[in-house]
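In the block that follows, a single chain appears as structure tokens, in the form predicted alone.
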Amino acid sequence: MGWFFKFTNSSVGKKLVMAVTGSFLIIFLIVHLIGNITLFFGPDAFNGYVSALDVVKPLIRVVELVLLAAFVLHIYDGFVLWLENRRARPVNYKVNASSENSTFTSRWMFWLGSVIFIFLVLHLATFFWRFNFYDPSGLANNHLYFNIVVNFFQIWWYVALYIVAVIALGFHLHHGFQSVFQTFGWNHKKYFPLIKKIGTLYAIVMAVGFASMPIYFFFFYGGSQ
């Protein structure tokens, strides 16, 4: 197994791990958004959706462990690659042509990812923790998951942070989507322009889709706190 660890610790190996974990997270976001859309159909729809997941909880726990591993590897390798790139360019040149050779999203991937990571910790501490382990309000014990979400989506600072985070996610996905195909070698000049367009559409759908929920419940559903 020594060769495997040696490969995964190389720059090429880290980029491959980033692509594999990124692919998994891209698929997860689609599933997650589809499930969250039930919020727009009222308490019964969303509470029923979350309660239905309890029926297959052992399977969900396995998926959550895979997700955790994917997030940890993606974040770790992303940080290490960013650090290696920084060390390879220790001198900040007075004339920096990076803006001419790269896109905004590629240059800011680390910082966009950092914003997403901070929000992810808060997101898990609010929704995931309360849904699965401890909810001081007692709503989760009565399967009133919809109320938990609505309560948080009526707090202005949480809504603001949520929207900023999903905008950062959109930019992150815009570059990450096409990077996955490039890493796998699927960047034929004939098809890659289409892949880039699909990636842009995907990023917009994810950002707008997730942002629409706090916007709706804060401005149109129940006011603010």
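All residue numbers are counted from 1 along the displayed sequence. Not measured: the values here are computed from a predicted model.
Form predicted together with a small molecule: not shown, discussed below.
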task = Please name which of the stretches 157 to 165, 53 to 61, 179 to 187, 34 to 42 has residues with heavy atoms lying within 4.5 Å of the small molecule in the model of the complex.
result = 179 to 187
key: Output flag, 18, 29 and 173 jointly within 4.5 Å of the small molecule in the model of the complex, heavy atom basis   = yes
ask   = According to a 4.5 angstroms non-hydrogen atom cut-off, is residue 214 in contact with the small molecule in the model of the complex?
value = no
task = Indicate whether residue 152 is a 4.5 Å heavy atom neighbour of the small molecule in the model of the complex.
result = no
inquiry  = If we define contact as a non-hydrogen atom of the residue within 4.5 angstroms of the partner, is residue 131 a contact of the small molecule in the model of the complex?
reply    = no
task = Flag residue 144 as yes or no: does it have a non-hydrogen atom within 4.5 angstroms of any non-hydrogen atom of the small molecule in the model of the complex?
result = no
